[in-house]
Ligand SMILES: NC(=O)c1ccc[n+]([C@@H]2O[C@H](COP(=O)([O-])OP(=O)(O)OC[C@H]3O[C@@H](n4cnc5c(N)ncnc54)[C@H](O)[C@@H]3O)[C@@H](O)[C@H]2O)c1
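Just the one chain here, laid out as C-alpha cells, in the form predicted alone.
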C-alpha cells in the first residue's frame, strides 16, 4: 500500500483536516508510490501565521547561530542521501546516480550559503561626500530579512532547487512557507524530514502541499507573504506576477536556449557539448539546449556528428542509469510528440528518433527546421532537438533574439573576439562560450530575462533578494 505523507506545520507532521490527499504516480514504474496531503485554506492560514510569529525570534539569532541549524541540515541530508535519492528517482524519474549527486550538491549549496552570509558586511557613508553635506551625518547600512518567504519549487530538481530558495531565506532570518511541486512533493517531504532532525525552531519553516486550484492563488495573494521565489513554467510565473500583492518576486521560468555554432567551431567538441546540454535527463531542464543555430557551411558535418552521438545514448529506466528516461507524465510526452509531428508534417528532416513507448520518447534530432514550425519556438522539455541552418552570425543572433525566452545561450567558436562580439548581442541572462547551457556553479549569478524570469539568483544574489537594506543615520552634535 502506498504511503501517506504528512505536511509539516509549526514543528509537527500532520494529516490534513480536509481528509483529502493527492496520489503521486512514478513516471517510469507507472504505479502509485504515495499520497501527499491536500490541505485547506484554513491550514494555509495556520502555516503562514505560525511562520510570521516564529520569524520574529528567528531573526534575532545571530547569523552564526542560524548557520548551525543549516550546517546540521546539510549533514542530515548527506546521511539520508540514498533514501532521498531513491525518492527522487521513483518520483521524478531521474537516475539514481544523478539523484545522489543532486543531494550532495544541495549540501554543498547550503554550506556555501552559510559561509557567504557570514562574510556579508554592512557599510557606512559620510555626509560630507555630497555637495553641501557635512561630516556630522553618518549613514550605517545593513541588510534585514523581508519576513515570510513563499518558496515554490519545480519537479525536475525537487531537492536542489528547493534548498536554493530555503537556505538563503533562512540564513538571513526569514521564515519560509515551502510549496513543492506536487510531482516532487515526496522528495520535498524527505528533505524537510532532514531539516526537522536539526531541532529547527517551530514555525520557521512550514511545508504545505495541496491542489493548486485550492491553495495556489491563495498562497500567492496572502497578505502575510512578503516575497515569492518561484521556479516553474512561464504561464504560471506570469500569473503569479499579475496577482501578487506588490511584493518582491524572483522567478526562473522557461527557456528556449540556443546553441550558436560558427563555421570555425571545433565540431567534435561542440557536438558532445550539445548532446550533453540537450539530452541529459531527457531534456527536462530549463537550461537545456533547445535549438541549434548552425552556419550552413558546417551544418552537414555537425548533424552527422550529432547523429552518431545520439545513437550511443542509453534509453530506458532510470534504475539502470540511462540518459534518456521516461518523461514526467503522458501529457508532457504528448506535447513533445506534437512538436515532432508538426515539424515532420511541414517537411523537416528526421535524422534520428521519433520513436515512442508510452511516456518514453527516444532522442530525436530534426534538421532543416524552419520558422513556421512550432519546435523552432516552443519549449519541448523533452528529448527533441531542432537544427536551424543559418547563413551568418547576424542571422543566428536575430533568430536567437526572436524567441520570447531569454534564459541562456551558447556560442561555439575558436575566435574569442567573435565570441565576445556575439555574446553582448544575445538577449539572454547568461551566455556560455564554448560550453553547454547549464546552471552553476551555484555561486554564479543566474538570470532569466523576457519570458524566462525576473530577478537574479545565485547564492549571494539570492541572499540579497531575500533581504532589504536598512539605513540608520547618526547625527553628531557637540
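Numbering follows the first chain given and starts at 1. Source: prediction; values computed, not measured.
Although not depicted, the form predicted in complex with the named molecule is the subject of the following passage.
K.L.:
Quick one: which of 198-206, 249-257, 366-374, 271-279 gets within 4.5 Å of the named molecule in the predicted bound form, going by heavy atoms?
P.N.:
Within 4.5 Å of the partner lies stretch 249-257.
K.L.:
385, 325, 286, 103: which sits within 4.5 Å of the named molecule in the predicted bound form by any heavy atom?
P.N.:
Exactly one residue meets the criterion: 286.
K.L.:
Since exactly one of 302, 189, 152, 88 fits, which has a heavy atom within 4.5 Å of the named molecule in the predicted bound form?
P.N.:
So the residue touching the named molecule in the predicted bound form, by this definition, is 152.
K.L.:
Give a yes or no on whether each residue among 5, 11 and 70 has a heavy atom within 4.5 Å of the named molecule in the predicted bound form.
P.N.:
Contact check failed for every one of 5, 11 and 70.
K.L.:
Is residue 316 close enough to the named molecule in the predicted bound form to count, meaning some heavy atom within 4.5 Å?
P.N.:
Residue 316: no, not in contact with the named molecule in the predicted bound form.
K.L.:
Please run the contact check for residue 407 against the named molecule in the predicted bound form: heavy atoms, 4.5 angstroms, yes or no?
P.N.:
Yes, residue 407 lies within 4.5 Å of the named molecule in the predicted bound form.
K.L.:
Though only this chain appears here, would residue 217 touch the named molecule in the predicted bound form if you measure heavy atom gaps against 4.5 Å?
P.N.:
Because a heavy atom of residue 217 falls inside 4.5 Å of the named molecule in the predicted bound form, the answer is yes.
K.L.:
Does the named molecule get within 4.5 angstroms of any non-hydrogen atom of residue 232 in the predicted bound form?
P.N.:
Contact check for residue 232: yes, within 4.5 Å of the named molecule in the predicted bound form.
K.L.:
What residues of 437-451, in sequence order, lie within 4.5 Å of the named molecule in the predicted bound form by heavy atom?
P.N.:
Result: 439, 446.
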